[in-house]
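This document starts with one chain, in the form predicted alone, laid out as structure tokens.
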């Protein structure tokens, strides 16, 4: 019984210390910050060791997957960076990591932020299923074209309608940025509400 009570009190005290940063930066907040960073580093080291054991050492020693020695050697080569004479050795595995990571990230970005966005923008404008769905598709189509037209800087505006259409594209981007910022704020508010529920519920028992 003492364990859960101690954990609740520790969590409440640490939460209040973190909230104290809203008033002024203080030594207690810096201590909690260092504790958090220490636990994060320790967790990363623990997970790294578990991955080496489960994904490399165990398959090599029990299943005979000796090709896994290659990534192990590349990983050990990274530590050459801490030496003075053999620092250059770490450039080879680092180059491999950057190249492989770039390829994987580009693949995900192209699919998520380019192909998916193009598919989402190619809507069918029709009012057969109702006025509001049709109006929404019309807004998406016009807004997408207006934003793309805003970034065409190679031609001069020869008609006032072009200037107004560029302005529409800028307003569409402003609305999109505002919605993105609002979504981020709502995510932070969700975290705040969760901590307040912990303080008033689990710690003070003022709410159920």
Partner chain sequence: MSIWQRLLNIDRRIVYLFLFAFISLPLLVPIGLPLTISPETRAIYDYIEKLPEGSVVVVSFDYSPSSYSEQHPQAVAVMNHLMRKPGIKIILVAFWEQGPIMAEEILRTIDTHGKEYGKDFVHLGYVAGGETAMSAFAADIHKTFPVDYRKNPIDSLPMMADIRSAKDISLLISIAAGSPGVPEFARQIQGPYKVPFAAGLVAISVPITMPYMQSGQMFGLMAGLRGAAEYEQLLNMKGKGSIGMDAISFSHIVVLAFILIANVAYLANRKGGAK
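Positions refer to the first chain, counted from 1. Superpose the two forms; the largest set of C-alphas matching within 1.5 Å is the rigid core. Model, not experiment: these values are computed from the prediction.
Heads up, the form predicted in complex with the partner chain isn't pictured, but that's what we're talking about next.
Although the partner is absent here, residue 113 sits close enough that one of its heavy atoms falls within 4.5 Å of the partner chain in the model of the complex. Proximity of residue 120 to the partner chain in the model of the complex falls within the 4.5 Å heavy atom cutoff.
A residue is said to contact a partner when one of its heavy atoms sits within 4.5 Å of a partner heavy atom; residue 183 meets this definition for the partner chain in the model of the complex. Under a 4.5 angstroms non-hydrogen atom cutoff, the partner chain in the model of the complex lacks residue 5 among its neighbouring residues.
Of the stretches 146-154, 164-172, 26-34, 54-62, only 54-62 has residues with a heavy atom within 4.5 Å of the partner chain in the model of the complex. Annotation for residue 114: C-alpha shift of 2 angstroms or more between the shown form and the other one, rigid core superposed. After superposing the rigid core, the Cα of residue 138 is displaced by less than 2 Å between the shown form and the other one. With the core held fixed between the shown form and the other one, residue 100 has its Cα displaced by at least 2 Å.
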